[in-house]
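One chain comes next, on its own, written out as structure tokens in the form predicted on its own.
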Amino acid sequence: MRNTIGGLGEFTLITRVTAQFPTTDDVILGPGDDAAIVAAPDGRTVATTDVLVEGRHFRREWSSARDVGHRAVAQNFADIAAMGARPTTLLIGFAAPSDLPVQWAEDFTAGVRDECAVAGGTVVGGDMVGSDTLTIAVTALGDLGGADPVLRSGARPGDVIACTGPLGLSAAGLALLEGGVDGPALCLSEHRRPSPPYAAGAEAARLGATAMLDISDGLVQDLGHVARASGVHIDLDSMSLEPDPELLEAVRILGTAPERAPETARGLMLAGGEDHALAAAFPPDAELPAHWRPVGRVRQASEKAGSGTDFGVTVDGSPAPGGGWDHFGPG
């Protein structure tokens, strides 16, 4: 049956898929040979990889094939942006059951193509194999353009912590889907198709960011990585987190009393995952554009009696709420 990828065949499907992607200035040789050749004018290449497994990272009854394509690109190119780099190219490994409809594969490809157009990159190759579980593995590359990378380990006491991009919306969208209730379109779309602020990564580097990362596992949990890598403590100001009106609506739909909606919404902004916003530390005298929202401060880590040095995160001076994502934890 030619309406399934098994019936169509691997090489015909590869031809259909690769035809969707343009050649950019970053591509010397695209799909068609044993390997692609990608330009690296900076002399360094930023690289990252991620895997999406059906049932673990997406569900076909909740997300369309285009949604999954957008998401596969977004969560990888967001990591490139978080290093202060410009996204350039992707390699995609596609493992799927032979009875997967060809239309699903083509729609997935369209989602990848469209998100690449937003981020500024393209696909240069990959692999396709048969599998009982639909699994998508993505390797993303980026270019630093001569700048130094922004690492997690550079935050200093006195730095300002600022964020750009949506926070909490994806977690609210997931809760709506899990609850089987309709809700604000923005929350659902941010879960299905995250919208990372790609250009803000290189912008942060130009503004003097000392540390940065992509918010994929929750703001508190991810900033904990910065605190430990930098040997500092981070204190967040919960009142600096202004919930989007659609986030407030979502938590009310999910059963939160109206008077408690702001608190619940801020909880999702602190501990929800898969936002793919960016959080960075900046020197205290940095002049930040309005879309970089200050949310906290870096301070000297202190010694905790009997438990070592406090390389952690607090909220309003108190222990941070639990939450955030851990693939092998109770999550």
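Residue positions are given as counts along the sequence shown, with the first one as 1. All values derive from a computational prediction rather than experimental measurement.
The form predicted together with another copy of the chain is left out here; the points below concern that form.
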By the heavy atom within 4.5 Å rule, which residue out of A185, V129, A257, M239 makes contact with another copy of the chain in the predicted complex?
V129
Heavy atom within 4.5 Å of another copy of the chain in the predicted complex - the one residue of L174, C116, A261, L141 that qualifies:
L141
In the predicted complex, does G9 come within 4.5 Å of another copy of the chain, counting heavy atoms only?
yes
For G32, is any heavy atom within 4.5 Å of another copy of the chain in the predicted complex, or not?
yes
Looking in the predicted complex, any heavy atom of L247 within 4.5 Å of another copy of the chain?
no
Considering only heavy atoms, tell me if R44 and another copy of the chain come within 4.5 Å of each other in the predicted complex.
yes
Quick check for you: of 230 to 238, 198 to 206, 108 to 116, 74 to 82, which stretch puts a non-hydrogen atom within 4.5 Å of another copy of the chain in the predicted complex?
74 to 82
Is another copy of the chain in the predicted complex close enough to V220, L288 and H291 that every residue in that trio has a heavy atom within 4.5 angstroms of it?
no
Residues in 43 to 70 close to another copy of the chain in the predicted complex, defined by a heavy atom within 4.5 Å, in order
G43, R44, T45, V46, A47, T48, T49, D50, V51, V53, R56, H57
